[in-house]
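Read the single chain below, which is given as C-alpha cells and is the form predicted alone.
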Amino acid sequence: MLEPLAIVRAVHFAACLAALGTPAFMLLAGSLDTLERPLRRFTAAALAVAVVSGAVWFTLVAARILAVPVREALGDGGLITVATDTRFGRMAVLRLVFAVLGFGAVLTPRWRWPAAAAAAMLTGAIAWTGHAGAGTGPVGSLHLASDVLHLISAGLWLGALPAFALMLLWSRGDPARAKLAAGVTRRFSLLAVGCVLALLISGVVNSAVLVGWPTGLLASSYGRALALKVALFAMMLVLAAFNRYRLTPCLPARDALGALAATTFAETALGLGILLLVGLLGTLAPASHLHKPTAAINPDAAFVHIHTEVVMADLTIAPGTPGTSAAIMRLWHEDYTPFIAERVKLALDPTFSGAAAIQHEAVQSADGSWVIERMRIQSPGVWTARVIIDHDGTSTALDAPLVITQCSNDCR
C-alpha cells in the first residue's frame, strides 16, 4: 500500500504537469473558440491543487526532517526552520512563488505564455527537491539537468493530454472544428515525438546515475518500481504510435476523432499510473544511494552518510540531541575498503541563529574509526556537518545537513 507521502507527491506532480501542459497546448493550438474559458479554469485549478499538495508534501517531509509527528511540526515553529534552513524548504518556498505567479498570469487576458513559463519553472524546479538535487560534481550536474529536461518534457506531453482529449471531443460533429482539430493534432504529434525522445534520453541518464543501469535495475525496490514505470511508459508509446500512424492520417473523420479521444484517455490513465510510481520513487532510496551497514546505529543517534567520488563517510552522533554527545566517523572507499586518513576533524555549523559553530579533532580508535568522545551541542535544529579529512598530502571536506532533535522529556 502506498504511504501518504507517495500519494501526495503523485498528486502534486500531476497538478504541475497539467498546469504546464494546458497553456502550452493552447499556445500550440491557437484559437479554440469556446474551449478557451474551460481550459483557463482547468489551468487555475491545477495550480491551486499544486499549491495545496505542495504544502502537504512540505509538511510531511518537514516532520520527517525534524523527527517529530506532523501535529508537533505544525505547532512549534519547526516548519519555519525547515523552510529557511534546508535546501528542500527553500526550494518549496521558491516553487510556491512560481505557482502564485502562474495563478496571477491565468487572470490576465494574454495568459498563455506567462502561465506556461511560470508552470515550467514550477515543474522544472522539482528536480532540486529529489535525488537529482543531492548530486555533486559533473555527474550530479548532468543528472540535475537531465531531470529538469525529463520533467519539462513530461509536462509538455503528458500534461497536455487532458486538453488534447477535450479538444477532440469538442470537435466532433462540427466540420470546421474537426478540420481545426486535425491540424492541431498533427502539430501536437510532432511535439510529442520531440518530448518522447527527450524523455527517453533523460530517462536513460537518470537510470544510469540512480540504479547503475541496467545491471542494478531489479536489485532494489527502487529499481523494480522504475522497471514498472518503464513498462507503463512503453505501453504509452505503443498507444502514441497507433495514434500517430493509424488514426491521425484518417482525420478529420468523425470516427477517427472519437477513437483518438478514447486512446488519448487511455494514455492519460497510463500516465497517472506512472505518476503514482514517480510519487513512490521519491520516497525510496536508489540503488546508488544504498550503502552497506557499517555498524549498528542507535535509534536515538543522529546519522548521515556522505558520499563523494574521493571518500565516503558514515557520521554518527549519539545521542542526537542537545547536550554532551559522542561522534564516530568511519571512512570508506567506493568499494567499502577502509580509507586511510592522517587526520580527521568534525565541524558542526548551525544554519540558524543563537548557536555557535563547533569543531573538534577526532582520535583514531583501534577498529579504525575516528572518535570524538565528548562534544557539547547547544541547540536542536538543522546543522551542517563537515568531516575534514587530511590524506596523502591533501585535505578533503565532506558536508551534509544533520538534524539534532529536541530532547524528549525523559532525556538528561
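On a predicted model such as this, the values are computed, not experimentally measured, just so you know. Note that residue numbering begins at 1 and tracks the sequence as displayed.
Just so it is clear, the following notes concern the form predicted in complex with protoporphyrin IX containing FE (HEM), a form of the same protein that is not shown.
Here the marked residues 26, 112 and 160 all miss protoporphyrin IX containing FE (HEM) in the predicted complex; none has a heavy atom within 4.5 angstroms.
Considering protoporphyrin IX containing FE (HEM) in the predicted complex, the lone stretch of 168-176, 198-206, 245-253, 315-323 in range is 198-206 [heavy atom distance within 4.5 Å]. A single residue from the set 274, 329, 118, 261 has any heavy atom within 4.5 angstroms of protoporphyrin IX containing FE (HEM) in the predicted complex; that residue is 274. This chain is displayed alone, yet in the predicted complex one of 304, 310, 301, 230 has a heavy atom within 4.5 Å of protoporphyrin IX containing FE (HEM); that residue is 230.
Interface residue remark: residue 98 is not counted as part of the site for protoporphyrin IX containing FE (HEM) in the predicted complex, having no heavy atom within 4.5 Å. None of the heavy atoms of residue 182 is located within 4.5 Å of protoporphyrin IX containing FE (HEM) in the predicted complex. By the criterion of a heavy atom within 4.5 Å, residue 236 is counted among the residues contacting protoporphyrin IX containing FE (HEM) in the predicted complex. In the predicted complex, protoporphyrin IX containing FE (HEM) sits within 4.5 Å of a heavy atom of residue 151.
Residues of 102-126 that come within 4.5 Å of protoporphyrin IX containing FE (HEM) in the predicted complex, judged by any heavy atom, reduce to 126 alone.
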